[in-house]
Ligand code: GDP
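Before any questions on how it binds or moves, here is one chain, the form predicted on its own, in structure tokens.
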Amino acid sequence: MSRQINVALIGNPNTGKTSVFNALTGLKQTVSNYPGTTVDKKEGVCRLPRGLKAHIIDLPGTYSLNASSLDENVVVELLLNKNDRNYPDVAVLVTDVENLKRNLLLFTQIKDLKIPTVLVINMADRMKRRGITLDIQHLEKRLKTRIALTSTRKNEGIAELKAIINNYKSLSTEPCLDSSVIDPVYFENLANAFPNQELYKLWLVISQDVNFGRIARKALNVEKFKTKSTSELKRLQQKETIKRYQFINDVLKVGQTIDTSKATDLRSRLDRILTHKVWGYVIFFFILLTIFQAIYDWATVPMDFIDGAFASLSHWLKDVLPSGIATNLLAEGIVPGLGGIVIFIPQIAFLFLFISVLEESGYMSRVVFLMDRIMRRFGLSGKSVVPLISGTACAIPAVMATRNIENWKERLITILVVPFTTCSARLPVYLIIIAIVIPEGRFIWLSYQALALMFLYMLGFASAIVSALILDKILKIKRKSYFVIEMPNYKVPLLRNVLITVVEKTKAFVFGAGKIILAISIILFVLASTGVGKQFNEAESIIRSEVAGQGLTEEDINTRIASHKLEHSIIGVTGKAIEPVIEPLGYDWKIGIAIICSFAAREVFVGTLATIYSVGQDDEDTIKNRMKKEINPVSGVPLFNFASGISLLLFYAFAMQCMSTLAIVKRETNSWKWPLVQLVVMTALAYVVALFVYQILN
């Protein structure tokens, strides 16, 4: 039986910590939340020699143990609580070879907690180009640890790192320096008051800027130890930081040599272009256009294959399985419902691919810096761009990402406007409606459909910005904040990291949506196959008497019977009840049912229509073809025409169609007030805009 140890992966942002995590765990990783928080927790498994298994926790990036954000709180809480099931047997501190001085501050703090700590100096492949040489023996001696020099790009040093982790019990737990010298009398009194506790642990609990450590404070009873004011504690924190940097400077005088003549100026030249007050925006806009064009062009072949495969699967199931309710449920309910989502995997995967490349290359930080100039005018900060851009994947992690915004007003406004950005769950809705109502021609090299998708993304972003401006005027919350962001070095994206990100995020999207869609598909099929009253139960005799003498084929008659039964089923009656409300928008009762069901998750819209339209239809028809054939019974024109299609696109562009987002907003704001405001305002706005556009275009 293999033994297991806990390994905490810790480091500053942009040190390549995720690359090290991926190199150690590969695809054996999961993402969840820390208990009681909305902070992402990445975990993975790594097998070590002699049957040892490492449970690796990739902790949020932090600059020091003086916590100032929710992310940093999580790191400190774990390192202080030995009773936590994830408390590390060994800590792996990942540093960037080009920013070693700054990164070592966190390392010396963790060493003071007497946790066995490995120092990883990452991106070693950049040393020669940057003129950096390291005296590893000197560094190991002064820092009292083992050092792994790694390059995840070249897959170097990972085996050595695994060997050091495997022998973690041999690591020294002696601190690098005596931090109590900043105020010997105070720390002596603290040690006397709590003789059985680690001194630096006590100091961290007492000196934190935010009240995150209630459990630790209660257990240690440090609330009674109030010999210094808050301002005095802050001054001691500053003295501690200075003392640590003095030690680090002394170590690096011998341990690190930098030949500045070898440093290249490529980064500054690129920054002058990519963050230019004019060309920076032009380049960013061009990159977005390219992404959306590629999403359409590259995904066509795999999407056509998936589309045909699911249609064939449904047809094959009806041929080989015995007739009955179970076969109909599988072939006409579950398979079309799931097919309506699986078909969009290629386009969603490409979206995640491009976002991952932008983040890995270091360009996304430049976008954040660039957009701060605009954001300030609308009551936001440059850091709001991160949630707004990550909202193109999913609004839930985007709302979570606002925790890095220190000012409450800016954070609240960002939370409230993030759902306007076009998330990947909207993408299936947009793609299928655009494919039906927007022609396939091109303007220069860009297709009309790609331009339509680009417009919807820009509309979402613009709506978020305008809403932020309005909220900034309405909310009477004082604010005073400063924008600080680190510009990481440019680097060629690591293929392994990009692929792992694409696989993990696409898998999370598909399986997360799939559970909901599977359940809703079954419910919808049952509701569409069940009815009460004469119109449903005697549908066959009613239709046959109506079409007698018209010369229709048996297939046409069966189609009319199925359509009549669907209209008078439970789902049909429900849809008819809400039809008067949505008819002015150009929708029928079927679209109404899909809109209601999609409140569980936007992507359910397509799966719902796939399930509804598959009842009694030609098995070889795909969902898109069925939607194209749908006729408005009142006007006699195609139901999905340009007017109704644009109306539906704009409805989803503005509507809050996601109960999970509402739940996470409630959790982040600790109030039902704000999510309810979001729901009411966004739904009303979506209805009014869709109504106005349909009436004008129609």
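Just so you know, these numbers come straight off a predicted model, no measurement behind them. Heads up: residue numbers just count along the shown sequence, starting at 1. So that the term is clear: the rigid core is the largest set of C-alpha atoms that superpose within 1.5 Å between two forms.
Beyond the structure shown, there is the form predicted together with ligand GDP, which is absent from this document and is the topic of what follows.
- With a 4.5 Å cutoff on heavy atoms, G16 counts as touching ligand GDP in the predicted bound form.
- Taking the partner from the other structure, ligand GDP in the predicted bound form has a heavy atom within 4.5 Å of a heavy atom of S151.
- Among heavy atoms of T25, none comes within 4.5 Å of ligand GDP in the predicted bound form.
- M123 belongs to the set of residues with a heavy atom inside 4.5 Å of ligand GDP in the predicted bound form.
- Picking from 152-160, 312-320, 369-377, 298-306 the stretch near ligand GDP in the predicted bound form, with a 4.5 Å limit on heavy atoms, gives 152-160.
- Once you line up the core between this form and the one not shown, the Cα of T62 ends up 2 Å or more from where it was.
- Core-superposed comparison between this form and the one not shown: the C-alpha position of D125 differs by no less than 2 Å.
- Once the cores line up, the CA of I413 ends up less than 2 angstroms apart between this form and the one not shown.
- Cα of L274 to Cα of N99: at least 3 Å shorter in the predicted bound form than in the shown structure.
- Compared with the form shown here, the C-alpha atoms of A663 and G61 sit at least 3 Å farther apart in the predicted bound form.
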